[in-house]
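Next up: a single chain in structure tokens, the form predicted alone.
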Amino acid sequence: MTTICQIDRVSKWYGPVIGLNDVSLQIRPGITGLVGHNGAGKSTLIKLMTGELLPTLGEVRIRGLRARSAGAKRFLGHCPDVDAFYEEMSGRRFVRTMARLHGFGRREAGERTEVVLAQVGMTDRADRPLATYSKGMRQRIKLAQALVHDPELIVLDEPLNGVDPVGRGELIGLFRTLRDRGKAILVSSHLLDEMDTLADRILFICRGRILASGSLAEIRTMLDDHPSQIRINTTQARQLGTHLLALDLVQAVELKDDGELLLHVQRVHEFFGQLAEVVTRSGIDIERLRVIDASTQAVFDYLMNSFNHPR
């Protein structure tokens, strides 16, 4: 896929403090999640991508143009975490003004404004002054102005913060629609559970370094030294547990009170092949199978623990 944003060996120092340390990555079409604790470097990375900061070392380019340049802004839409509105304006006038600042004529700016207001669900509420908006409404208007010029790269800093559950579902649906249209979307969020189904790829960042990147499945597969935990429900739990204990990839089997098995296994994808052979040979029926530590939160916790307590 085409690279929209190229970050090449970028470091950013704030005096003696390192905000970002020798980071290289590519942002391509799809939804990329950015995950890290406060102070990990997420905001620095976003500000370098949007041209708000210059790197101390390295380069950030959007469509081959330096991120700081005016030309790069044609390809970039930014929904910041903080609000910076003209509070006396209506939402509609604010988005239309942003469209005009992108260089569109009065008529096209108005047309584009109505399109994005409809996309974010604000058409019927856009004439109220921004000062009267709830947090969720303000988030929607910020998103609308980020989309009004139809950018290829959309950088969203905590876009779901303050949005109610129904609204989060609507905006996640919009993000997926944009992805399906070939947009590259970077989403920084502390709502890690939603990353499980939202992000095609996740960047885990800590102390200015990218610890891991890829899909959750890819990252989890790379963590061979960290056994996966699998729950299996079957009416023949004791018999199945006996068979599984004989497998070299199974480190431990626990039989729960309700007849459920909890397994600790290495190289989970290889294990599934062995499990299939056991089930076929023994004739034991499995009612339910779950990998319980393959979520964004579980992988994030393991990476943080490994980074902070190296062996």
Partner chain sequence: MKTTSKAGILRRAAAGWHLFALSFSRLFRSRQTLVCALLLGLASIAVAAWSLRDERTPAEFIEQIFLAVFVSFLLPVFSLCYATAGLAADREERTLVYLLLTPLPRPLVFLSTSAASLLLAAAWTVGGTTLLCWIGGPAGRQAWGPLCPAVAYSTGAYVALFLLVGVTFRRATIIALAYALFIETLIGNMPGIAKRLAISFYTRCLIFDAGAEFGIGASGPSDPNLFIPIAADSARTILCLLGGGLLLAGLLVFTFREYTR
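Just so we're clear, the structure is a prediction, and the values are computed from it rather than from any experiment. Positions refer to the first chain, counted from 1.
Only in words, not in the display: the form predicted together with the partner chain, which the text now covers.
Although the partner is absent here, residue 52 lies within 4.5 Å of the partner chain in the predicted complex, judged by heavy atoms.
For residue 123, no non-hydrogen atom is located within 4.5 Å of the partner chain in the predicted complex, even though that partner is not displayed. The partner chain in the predicted complex is approached by residue 145, whose closest heavy atom lies within 4.5 angstroms of it. None of the heavy atoms of residue 92 is located within 4.5 Å of the partner chain in the predicted complex.
Taking a 4.5 Å heavy atom cutoff to the partner chain in the predicted complex, the contact residue among 97, 234, 119, 188 is 97.
For the candidate set 264, 61, 243, 47, a heavy atom within 4.5 Å of the partner chain in the predicted complex is found for exactly one residue, namely 47.
Residues placing heavy atoms within 4.5 Å of the partner chain in the predicted complex fall in a single listed stretch, namely 79 to 87, out of 179 to 187, 195 to 203, 208 to 216, 79 to 87.
Taking the partner chain as positioned in the predicted complex, the residues of 66 to 80 that bring a heavy atom within 4.5 Å of it are, in sequence order, 68, 70, 71, 73, 74, 76, 78, 80.
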